[in-house]
Every structure is written in C-alpha cells, then in structure tokens.
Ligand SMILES: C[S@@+](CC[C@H](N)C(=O)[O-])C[C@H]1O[C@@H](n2cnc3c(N)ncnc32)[C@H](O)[C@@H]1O
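The chain below stands alone, shown as structure tokens; this is the form predicted on its own.
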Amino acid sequence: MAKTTNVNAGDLNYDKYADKIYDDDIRRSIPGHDKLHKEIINTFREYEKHHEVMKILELGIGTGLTSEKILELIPTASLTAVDFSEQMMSGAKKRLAKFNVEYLLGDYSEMNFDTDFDMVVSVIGIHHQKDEGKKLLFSKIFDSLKTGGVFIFGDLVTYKDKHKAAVNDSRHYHHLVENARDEKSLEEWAHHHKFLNLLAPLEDQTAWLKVVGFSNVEVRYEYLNTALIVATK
C-alpha cells in the first residue's frame, strides 16, 4: 500500500527545540490551542460520568501535553502512546513517568492497534494524512474501540465553502504573525502550514467517520482552522 503520511519526523519542527520551547511554539501556532484542550477535558469529564475509562490510545503523543491533562484525572488508566519522533517520545516519557504508559515508536498509519480501547485521542496530527489515509485511519480507530468507546479528535481542518476556507486560512496566518516567538519560528510554522499540512474539509471528515460506523459524530469546537470532533462507537 502506498504511504499515506505526507511527512517524516525530520520534516517537521519536532527535533529543533527542547520540549518546553516546542510546547510554547505549538500553543502560539495553533489558533485556539488552549480552548481546544479545555473542550477536550470537558468532553472527557462528560464521558467519564457514564463510562469507565481504563484503556486509552493516543495517536501522536508529542511531548505528552494532552495525555498529561487526561491522566491527571484518571491516573489508574493505561495509555498506549504512538509517535514517529524519538525526540517527542523522549519528552513524553519524562512528562508521563508516573503513569502507566506503553510507548510505540512509528507511523500510526502503518500500525495495527489492539481492539479493546475505551478511548482514542488524536490532537493536531492526522492532518498529515492524505485523504485516503484519513479514511483508512478512521476505520482502524473504529475497529480499535469497544462498543460505546469514543474518539476524541482535535485537528486542523478546512471547509467546503471556499470563502470560509480562504478567510479562516488568512486569519490563521495572521495568528502566526501576531503570536510567533520570533522571526525564525514564524518562518518555520508558516512554511509548515502552507506546504506540509493536508487539511481536509470538516464536513468531509465528519461524513467519513459516519461511513466507517460511528453512531454519533459531533463537532464540539471550531475556531478558524482548529476543530474538535467527538465520535462515539
């Protein structure tokens, strides 16, 4: 099968900065990053009221920023963490040292997952999959979840309405200019967004999630090109 991920770890900004600097950069570079994470935690808390969450899969662990927020709420849960960057995974291992985490180094689009997860989480990563890769990955995620399990999917998206897509993209670049740590950081993240991101329309992605079998697909947050989708099996 042809490779569906459009980048390698070395193509991105992962290995250029220490973990804290990278975390600061990602907050500055993703519009609505902090609000997105607040909505992820709100979603988790709502879900946990009715479901016991014991086993979680995170696709694209990064420095562990998202998982730390979740595992602090349920420290007894086990987490399977996947990333294709050794540098990022090294940071996650330090950050999540007190939790029960299994680390898998590699490209998650090329992996097979266990089939009994309560929750799958992916934040700001699946946009590096080609459209066909996104569809295949959504199917694998569906198969990996228990019945009643939930996929928490925060990512960069675009829209089928070309006017909305253009305006949001313009405001995304404005956000980069206004919030970049310095000129070098602006150059790297603007290049990343323009040439490395493969944004699919939000409308298409919610439809693809329904096609693979998710019974409920809800958009919980939208700001410019940033969105949170919650899909329940």
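Everything quoted here is computed from the prediction, not taken from an experiment. We number the residues from 1 along the sequence you see.
Note that the form predicted together with the ligand isn't included here; everything after this is about it.
Colleague: Does the ligand come within 4.5 Å of any heavy atom of H37 in the predicted complex?
Modeller: Because a heavy atom of H37 falls inside 4.5 Å of the ligand in the predicted complex, the answer is yes.
Colleague: Verify the contact flag for G60: yes if a non-hydrogen atom of it lies within 4.5 Å of a non-hydrogen atom of the ligand in the predicted complex, no if not.
Modeller: Output for G60 is yes: heavy atoms within 4.5 Å of the ligand.
Colleague: Report whether the minimum heavy atom distance between D107 and the ligand in the predicted complex is within 4.5 Å.
Modeller: Judged by the heavy-atom cut-off of 4.5 Å, D107 is in contact with the ligand in the predicted complex.
Colleague: May I ask you to state whether T5 is within 4.5 Å of the ligand in the predicted complex, using heavy atom distances?
Modeller: Yes - in the predicted complex, heavy atoms of T5 and the ligand come within 4.5 Å of each other.
Colleague: Looking at 41-49, 198-206, 26-34, 164-172, which one sits within 4.5 Å of the ligand in the predicted complex if you count heavy atoms only?
Modeller: The contacting stretch here is 26-34.
Colleague: Though the ligand is not shown, can you say which of Q129, T80, T158, S144 has a heavy atom within 4.5 Å of it in the predicted complex?
Modeller: Contact with the ligand in the predicted complex is made by Q129 alone.
Colleague: Would you kindly say which of F151, F138, F84, F99 lies with a heavy atom within 4.5 Å of the ligand in the predicted complex?
Modeller: Of the candidates F151, F138, F84, F99, F84 is the one lying within 4.5 Å of the ligand in the predicted complex.
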